[in-house]
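Given as structure tokens, the chain that follows is alone and in the form predicted on its own.
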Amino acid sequence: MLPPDKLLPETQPVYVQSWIYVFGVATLAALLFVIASGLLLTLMGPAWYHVSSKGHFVNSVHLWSVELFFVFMVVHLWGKFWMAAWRGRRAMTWITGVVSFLTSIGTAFTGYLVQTNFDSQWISSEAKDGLNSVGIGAWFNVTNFGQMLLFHVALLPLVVGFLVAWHIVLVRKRGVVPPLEAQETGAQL
């Protein structure tokens, strides 16, 4: 839909100077830190990040990147909700953002389950009963470390990555949503 020379915008509407528009990019930046630190943790393994001081640091970077990712994403979602971001044929953009958020919650949950410590054992044993009560415990066995590790490292990050990429393409295709009081044909920066 866009020619290659127009994939990245050269101009933006004036209303994009508002701080609420920064949180989408901040979410993306935090996600890149999550992915980079997660890849390093995966390559080096739990013996490294449980024992080594460098491993502890990378593990902490991963945790705090996830924390910032969720803070930025929640502010981004709230801001776009109150701006009615689904206006102007942007419903699919909104849907991909919300589904990305929900999938990210599952990814973070499985991350807590693979810590290989007492906390993860406690969380999985408590969550098992809740998930069994709603009938999904047979497919999503939170006490199965191998299944949760693969969900956290492979399946769910791929889903989140695909949804975020789709979301960005839709934002680029439809443009950023204007505030409710702004006109679609507003001034350019």
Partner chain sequence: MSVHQLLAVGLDGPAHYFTWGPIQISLANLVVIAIIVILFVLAIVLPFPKSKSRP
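Keep in mind that what you see is a predicted model, and the values were worked out from it rather than measured. Residue numbers count along the first chain shown, from 1.
Form predicted in complex with the partner chain: not shown, discussed below.
Using a 4.5 angstroms heavy atom cutoff to the partner chain in the predicted complex, all of 19, 22 and 71 count as contacting. The contact with the partner chain in the predicted complex, taken as any heavy atom within 4.5 Å, belongs to 75 out of 84, 75, 108, 92.
Only one segment in the set 37-45, 22-30, 152-160, 126-134 has residues whose heavy atoms sit within 4.5 Å of the partner chain in the predicted complex; it is 22-30.
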